[in-house]
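In the form predicted on its own, a lone chain appears below as structure tokens.
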């Protein structure tokens, strides 16, 4: 158990548009989103006493700048006690929230700035991008020589899941359609044009049965959030967002060591998070689900108890996750439509959950939202993290 329930809150968020921005320096996106978060929190920048930058992968030199406190310098902060980088791939948002919350709860920090910035869209050469997603979390001896990479992993998992459940390609593809419907309402999303099942199914094959438009899209992006105590949060904003429950499971390094490639750690992680929060899936108003490929969004939704195993694809196809549906899901458009920014994939949906619970999501605002479930996933689906957030303490 995280023991953070009701003791910490997110009070400010910031985000720059996601997409391909070759002219936008990565530090510019970082600083811009941080400044937005500080303003949103209603604090003086010098009230920040700890900075937690997320790791980045497009540039070792840029990552070194983050480690050696360049964010502190660029923002002109004067009272920072610690600058500590946290990185666990796509699960980084959950790890950062836990670290920041623990620092606040222990009294080691009062206001923690968590920030992510990345240039996967324009900061990597073509071969560098290929190498990144053919090596990270993929065993050098037993998988790399046989051509394993993230699309083949998604293909393997999707094929097995279809065999076990009878789920159709159309139902799996419906995840992309649902995510795009949300992205159409998101001014920060990379792709905002309507998308159909037929359009996805006509795109070129990547790794059977995964097609090009089933895949996430590499992008540049940045976002930030500020964590403080629940007590302090009440003085800063009328809409603090509290951490109510947290759970996680780390199960393997490479897919070949996963005992069951259609079941990950979400069931156990969610059970812990819901128990701590004192809530159940039926209490949740919004599900912000990590979505690198559609199959993983389906599996997470099922394992967390929102829908029976094998029924997730139909749930998406029936429009029950769309704007106006019974369970709004991945309401920023996810990595398939807002864009994949490395460790920022999970970061973006955490920021989106906070935005929704603060009532600041504008055209895509879910009415009367009180509780959100947020997932984050690291590596080759090795790391399943679940956070329960709320704008009231359950």
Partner chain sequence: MTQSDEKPNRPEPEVSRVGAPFWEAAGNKKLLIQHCKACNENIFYPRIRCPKCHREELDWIEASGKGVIYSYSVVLNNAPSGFLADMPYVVAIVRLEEGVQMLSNIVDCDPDTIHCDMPVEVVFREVGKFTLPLFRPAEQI
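Residue numbers count along the first chain shown, from 1. Please read all numbers here as calculations on a predicted model, not as lab measurements.
Missing here is the form predicted in complex with the partner chain; even so, the following discussion is about that form.
- Note on contacts: among 139, 249, 181, 98, the single residue with a heavy atom within 4.5 Å of the partner chain in the predicted bound form is 139.
- Only one of 152, 167, 188, 237 comes within 4.5 Å of the partner chain in the predicted bound form through a heavy atom, and that residue is 152.
- Residue contact with the partner chain in the predicted bound form: residue 127 places a heavy atom within 4.5 Å of it.
- The partner chain is not drawn, but in the predicted bound form it has a heavy atom within 4.5 Å of residue 147.
- Proximity of residue 131 to the partner chain in the predicted bound form falls within the 4.5 Å heavy atom cutoff.
- Proximity of residue 255 to the partner chain in the predicted bound form: non-hydrogen atoms within 4.5 Å are present.
- Proximity to the partner chain in the predicted bound form holds for all of 143, 163 and 207, with the criterion being a heavy atom within 4.5 Å.
- Shown alone, this chain has one stretch from 86-94, 197-205, 216-224, 170-178 that lies within 4.5 Å of the partner chain in the predicted bound form by heavy atoms: 197-205.
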